[in-house]
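The form predicted alone is given below as one chain in structure tokens.
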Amino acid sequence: MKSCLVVDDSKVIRKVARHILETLQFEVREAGDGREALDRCAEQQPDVILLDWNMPVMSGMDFLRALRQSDGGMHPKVVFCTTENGMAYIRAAIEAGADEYVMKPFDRETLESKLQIVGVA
């Protein structure tokens, strides 16, 4: 079974994402910020990470940079999931190592297509 780490400071978004991902046969774990997400990745590397941009403690971009610079060979697919939709944000996310980008709010079809694009669905 493929695994996904949902990283978002909103419990509602995590719950919605979990429901969608579980219907797509993913094992789902959650983190409320980037620091917690790094800890979860150190425990068990997921196949894909659904990542929010704006979070307390450690932002999505800071998390992504730390993840991609880690020595542990952690290179899961990363799908940014955010309300930030400017081209500058998207470009910055891709340059930092994101594999795909999805806008909130999202539905099952949209999320499934993004997961297919990155090769995990």
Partner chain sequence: MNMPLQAPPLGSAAHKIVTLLEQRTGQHLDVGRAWRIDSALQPMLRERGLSSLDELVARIAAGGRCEEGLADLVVDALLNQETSFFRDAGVLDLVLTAAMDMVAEAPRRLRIWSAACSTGQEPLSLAMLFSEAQERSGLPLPEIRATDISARALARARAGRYTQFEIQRGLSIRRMMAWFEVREEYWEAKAELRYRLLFAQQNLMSDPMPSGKFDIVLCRNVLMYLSPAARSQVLNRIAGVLRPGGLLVLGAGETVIGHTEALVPSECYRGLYRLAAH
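Positions refer to the first chain, counted from 1. Since this is a predicted model, take the numbers as computed values, not measurements.
Just so you know, the form predicted in complex with its partner chain exists too; it's not on screen, but the next bit is about it.
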(message) Test of understanding: in the predicted bound form, would R68 fall inside 4.5 Å of its partner chain by heavy atoms?
(response) no
(message) D9 versus its partner chain, in the predicted bound form: is there a non-hydrogen atom within 4.5 Å?
(response) no
(message) in the predicted bound form, does I90 come within 4.5 Å of its partner chain, counting heavy atoms only?
(response) yes
(request) Considering only heavy atoms, tell me if E109 and its partner chain come within 4.5 Å of each other in the predicted bound form. (result) yes
(request) Quick one: find which of 22-30, 38-46, 91-99, 54-62 has residues within 4.5 Å of its partner chain in the predicted bound form by heavy atom distance. (result) 91-99
